[in-house]
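Coming up is one lone chain in structure tokens, specifically the form predicted on its own.
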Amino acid sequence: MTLITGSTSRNADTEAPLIAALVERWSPRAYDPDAVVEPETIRTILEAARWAPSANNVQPWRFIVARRGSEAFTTVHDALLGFNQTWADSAAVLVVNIAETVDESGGARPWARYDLGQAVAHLTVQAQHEGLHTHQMGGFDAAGLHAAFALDPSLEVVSITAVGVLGDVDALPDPLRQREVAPRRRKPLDELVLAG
């Protein structure tokens, strides 16, 4: 059994000093299928999301929190596409990230997806601080989730976040196992900064 733990560092090789939660954050697919994330911890990571910045402070984010073993978890898991279904069932929680893209008067909220991204980033960093790991997913049936949870037309399902405790990398199918232990890479900062 191979656990990805502190002894097998997945820490980022940063070009500048960062806080520990950012250095240690990565997106595993191997989660402990028996680990439980306590309701208080879920509330804490959602509180971090709640305090993210947003355009005009409209806070256009909404979440569906589905704990493993619940009907909601099954609904979310069944909406996952491709290889996401092969590993996400072992996460303790699946969080559906939703943007309110239309305001009360029918006007567009052009920054809603960006603001939701900020909220999910806050959730992710707080989860890391709490000793958890997260993995963002874009492969899912958004229309199916929208219908299954009877969401208002002003709401758009944007992404899903798996949350849990690291598990056995050997439990993953081979292609995913190889990705789990592959070296982490990022473009150099000089390539990302276009001016200044």
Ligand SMILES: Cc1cc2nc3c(=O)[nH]c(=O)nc-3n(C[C@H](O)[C@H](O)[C@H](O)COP(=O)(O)O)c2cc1C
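Numbering starts at 1 and runs along the sequence shown. On a predicted model such as this, the values are computed, not experimentally measured, just so you know.
Here the subject shifts to the form predicted in complex with this ligand, a form of this protein not shown in this document.
Novice: For a quick test of understanding: in the predicted complex, does each of Arg25, Phe83 and His135 have a heavy atom within 4.5 Å of this ligand?
Specialist: Yes: each residue has a heavy atom within 4.5 Å of the partner.
Novice: Would you check, heavy atoms only and a 4.5 Å threshold, whether Gly139 touches this ligand in the predicted complex?
Specialist: Gly139: contacts this ligand in the predicted complex.
Novice: Wondering, does Trp87 line up within 4.5 Å of this ligand in the predicted complex on heavy atoms?
Specialist: Trp87: yes, in contact with this ligand in the predicted complex.
Novice: So in the predicted complex, does any heavy atom of Lys187 sit within 4.5 Å of this ligand?
Specialist: Contact with this ligand, no.
Novice: Pick from 63 to 71, 166 to 174, 26 to 34, 44 to 52: which stretch has a heavy atom within 4.5 Å of this ligand in the predicted complex?
Specialist: Comparing against this ligand in the predicted complex, the contact stretch is 26 to 34.
Novice: Is any part of 58 to 78 within 4.5 angstroms of this ligand in the predicted complex by a non-hydrogen atom, and which residues would that be?
Specialist: If the 4.5 Å heavy-atom criterion is applied to this ligand in the predicted complex, 58 to 78 yields nothing.
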